[in-house]
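Form predicted on its own, single chain, as structure tokens, below.
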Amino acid sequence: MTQELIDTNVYIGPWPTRRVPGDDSAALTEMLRGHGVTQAWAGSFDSLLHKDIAGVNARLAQACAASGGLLVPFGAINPALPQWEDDVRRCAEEHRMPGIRLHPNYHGYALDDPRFTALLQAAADRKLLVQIAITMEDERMMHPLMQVPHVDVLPLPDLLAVHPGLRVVLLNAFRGVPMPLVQRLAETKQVCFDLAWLEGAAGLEVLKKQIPLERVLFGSYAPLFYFASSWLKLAESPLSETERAALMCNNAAGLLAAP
């Protein structure tokens, strides 16, 4: 496989409860380049618990700038905090980020919260790609004081109908979102899913019978997950060259190029 490879789901910084290999941004960049990644969409683990979201996003932008163009920053927004609108503005205008990455379960709001509705409107107005992290950690690994449920995305289809131009990526979704709802979201043609949390033998082979592959993106969830886990999902799957190129880069590149 010699095509470009876009990883749509990586994070910089340490996971809140333990260190993992590659949680230094320089080490992460080196690892990704070693695996042939040509672009990686990056969020920050600091965004889960830090209240200074502006500072988190500034550090993220700085780390990505130092990566030589490999890391593309996706800033955090927490609509439960005051003046979150300023964070959206800074992401778009100051840091020139193509999108934002949301963590509703860690920030304490549901998708039927009016603040989330307002955030989607702000993202749509600025043509920002919206990533929503559904699950961040296997519940069996969670710290006793950090038992965090999956994000409930049931309200999302109705919200998307109000914003037909909005582009959404659900990260780590396949553990926490039932397949009928995945299919319903895929049918909107506004939602994509990364494959980091796709489990089971012949996972991609099964998945492409359930949703169109143009709705699927390569994502490793590095460094919390081993990069090779996602890579092997591509390597083991009987895909055409067109399908492989779509998963590796074309689907993701199309999202960034969308007006």
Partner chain sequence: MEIWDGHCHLSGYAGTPDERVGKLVALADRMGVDRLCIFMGANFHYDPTPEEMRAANDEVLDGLRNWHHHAFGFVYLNPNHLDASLAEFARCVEQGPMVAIKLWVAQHCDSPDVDAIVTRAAAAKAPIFQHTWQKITGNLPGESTAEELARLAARHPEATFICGHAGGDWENGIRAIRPHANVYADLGGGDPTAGFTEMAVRELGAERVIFGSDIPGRSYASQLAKVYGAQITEEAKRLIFSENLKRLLTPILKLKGVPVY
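In this text, all values refer to a predicted model and were calculated from it rather than measured experimentally. Residue numbers count along the first chain shown, from 1.
One more form of this protein exists, namely the form predicted in complex with its partner chain; it is left out here, but the text below deals with it.
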* Asked: Hey, in the model of the complex, is M141 touching its partner chain, heavy atoms inside 4.5 Å?
  -> yes
* Is there any non-hydrogen atom of N250 lying within 4.5 Å of its partner chain in the model of the complex? -> no
* Asked: Even though its partner chain is not shown here, does S229 get within 4.5 Å of it in the model of the complex, heavy atoms only?
  -> yes
* Would W197 show up as a contact with its partner chain in the model of the complex if we use heavy atoms at 4.5 Å? -> yes
* Want to guess which of 41-49, 186-194, 63-71, 216-224 is within 4.5 Å of its partner chain in the model of the complex, heavy atoms only? -> 216-224
* To do: Give a yes or no on whether each residue among P21, A202 and S237 has a heavy atom within 4.5 Å of its partner chain in the model of the complex.
  => yes
